[in-house]
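Quick heads-up: it's one chain on its own, the form predicted on its own, in structure tokens.
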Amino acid sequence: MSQALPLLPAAQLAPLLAAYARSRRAVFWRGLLVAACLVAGSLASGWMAEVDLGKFGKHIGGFFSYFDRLTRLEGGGGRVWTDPGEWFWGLRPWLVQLGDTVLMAYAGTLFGALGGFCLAVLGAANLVQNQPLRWGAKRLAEFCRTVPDLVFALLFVIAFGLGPLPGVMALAIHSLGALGKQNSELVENIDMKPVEGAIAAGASWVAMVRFAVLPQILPGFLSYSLLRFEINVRGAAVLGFVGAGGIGQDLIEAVRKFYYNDVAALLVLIILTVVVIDTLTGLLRRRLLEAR
């Protein structure tokens, strides 16, 4: 038969209740302070960004009317899906440009992943004792992921001319910085026992990374790389705006010339491509995480 616990004497219970009340008040005031900071930050950012809810409500109809215009045939006759042949009149060249976009994203992700792995290993405090080398690797990764890939693409277009090469280089550099940061966190959280065992067995630093580090981070490394590939497919479509190749060049041309039906068709192709790639890479990432 269960018995109730005896109550503490009032002299002993009072300090405990007072301490509990103080801790609850501290939690309340801390939460209130965080809420006040969020409100102040929101108001300040809204003021700096000139957010005007009245203007937003007044012009939001124009936003939806633009999409309504995209779905109407240029020569009249109804919606674009009623005449797929007219809507996707340039399907063959568009698919070629779309293929260039996907290949740009693939090549940029591949080179960026390889470079990101090198920076992650060189910047890991548990593997590299040379502090200047670690500092340099981390700052290089920060620079690569801080500068927008669109800026890199514009610089490379000026240097190398129009085409896919500037897009690949821009995506590779930006991916190098992003994956270098993500993979460095994987490396710094590995189990050090295999590393110590490899060093004790006389393995070189490269051999230690190959046999003691890489097997531990490989699933996470591949998962992050697949996620980056998804991002780069969307990014490659935008890089065409500055002449870096891919379907983005046709898209920006259609936008500038007010070819509404072409804009809608190109957006549909890009969205479908991203959905397919997102689905396939999502399946692969889940398999890799389950394996890990």
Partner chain sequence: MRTEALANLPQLRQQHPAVFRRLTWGGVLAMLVVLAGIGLLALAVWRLELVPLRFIAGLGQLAHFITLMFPPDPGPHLHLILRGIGETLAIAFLGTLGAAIIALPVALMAARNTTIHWLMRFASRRVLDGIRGIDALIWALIWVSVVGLGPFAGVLAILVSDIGTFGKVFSEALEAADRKPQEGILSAGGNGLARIRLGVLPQVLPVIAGQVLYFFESNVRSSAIIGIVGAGGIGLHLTEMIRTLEWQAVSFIILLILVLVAVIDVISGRLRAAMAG
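Only the largest set of C-alpha atoms that superpose within 1.5 Å between the two forms is called the rigid core. Positions refer to the first chain, counted from 1. Here the structure is a predicted model, which is why all the values come from computation and not from measurement.
Quick note: we don't show the form predicted in complex with the partner chain, though the next part is all about it.
- With the partner chain omitted here, the record of contacts in the model of the complex names 144-152 of 144-152, 130-138, 117-125, 84-92, defined by a heavy atom within 4.5 Å.
- Not one of Glu188, Leu226 and Leu283 is positioned with any heavy atom within 4.5 Å of the partner chain in the model of the complex.
- The partner chain is not shown here, and in the model of the complex it never comes within 4.5 Å of any heavy atom of Phe221.
- Contact between Met169 and the partner chain in the model of the complex is found at the 4.5 Å heavy atom cutoff.
- At the 4.5 Å threshold, heavy atoms of Ile277 stay clear of the partner chain in the model of the complex, well away from it.
- Put simply, Asp68 is far from the partner chain in the model of the complex: not one heavy atom of it is within 4.5 Å.
- Taking the partner chain as positioned in the model of the complex, the residues of 102-135 that bring a heavy atom within 4.5 Å of it are, in sequence order, Leu103, Met104, Tyr106, Ala107, Leu110, Phe111.
- With the core held fixed, the Cα of Lys55 is displaced between the shown form and the other one by 2 Å or more.
- After superposing the rigid core, the C-alpha of Arg30 moves by 2 Å or more between the shown form and the other one.
- A displacement of less than 2 angstroms separates the C-alpha positions of Val255 between the shown form and the other one, with the rigid core held in common.
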